[in-house]
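Single chain ahead, by itself, as structure tokens, in the form predicted alone.
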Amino acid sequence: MAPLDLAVLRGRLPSNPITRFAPSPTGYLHLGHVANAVYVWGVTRALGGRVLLRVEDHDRGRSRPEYEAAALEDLEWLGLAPDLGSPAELRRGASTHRQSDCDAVYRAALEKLAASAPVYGCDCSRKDIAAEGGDTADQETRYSGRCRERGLAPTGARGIRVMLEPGMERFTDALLGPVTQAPSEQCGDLLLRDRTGNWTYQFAVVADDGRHGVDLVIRGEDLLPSTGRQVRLSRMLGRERPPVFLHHPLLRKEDGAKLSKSSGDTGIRELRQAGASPETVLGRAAWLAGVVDAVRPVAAEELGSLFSDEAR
């Protein structure tokens, strides 16, 4: 992995770029989220940009209001203040920075997409797709396109897919360098809305990044495989210049598994209850992420200096 070169990154971005911190309220925040926040706020402050806060609760079956409330509280406790989409705004009620409040946005994006690309209904379950695709533990299941020619209307209890033409997507990750992916070979035709009516992550984030003007996406390297399809979908939705991507290393347990909300790993609330300070938590996350060489307290106001030209 190449070191982050801020000068090169600046040359690829507009002045005062926008990035986002976008938790999914399906569990409490843990140190892995804080490590992502260290990168998001640190890199963005070093670039003189702005951080947008977005609640990605597209999965209505797993999202909970109490997890959203806890995430907002934890961010405030850590001293991580967004420039766009404040916790106060989200607490007041409906917000353009909460996905569950933006159904009309995704419907409009779907209509735009359908005007220029084949969009169709799909009644396949995950079990159906796994059975056809030969699911493996180390590779995602590719959708075969089974419903593409069946003429199913994209209505009712059916999923909605868009056909992805064959072809490569090439982009340069700010940390990983040049990347080449073939979305249609990786995942097949992309699911936009599932059979229960939930907009998918892949579709919602691309529509959101476009409408919010996000220029730089900073996220964990586990999401790297989905980048090519998001670049493709962004272009299909009319965005000539997709965001620049920066995929950083994940925090891992001793057995190599990534930290997980579902298993309650190093939760921020538990650390707070144990008496940890915000600076201690930020410093530990920065050290585990390899941003600082030793464990030490780090204040939110210092994050930009960790990625400044002088610090590299």
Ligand code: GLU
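Please read all numbers here as calculations on a predicted model, not as lab measurements. A residue's number is simply how far along the shown sequence it sits, counting from 1.
Keep in mind that the form predicted together with this ligand is missing from the display, and what follows is about it.
Using a 4.5 Å cutoff between non-hydrogen atoms, Arg161 does not count as a contact of this ligand in the predicted bound form. Proximity of Tyr201 to this ligand in the predicted bound form falls within the 4.5 Å heavy atom cutoff. In the predicted bound form, this ligand sits within 4.5 Å of a heavy atom of Val205. For Asp59, no non-hydrogen atom is located within 4.5 Å of this ligand in the predicted bound form, even though that partner is not displayed. Picking from 70-78, 180-188, 215-223, 123-131 the stretch near this ligand in the predicted bound form, with a 4.5 Å limit on heavy atoms, gives 215-223. Taking a 4.5 Å heavy atom cutoff to this ligand in the predicted bound form, the contacting residues in 18-45 are Arg20, Ala22, Pro23, Ser24.
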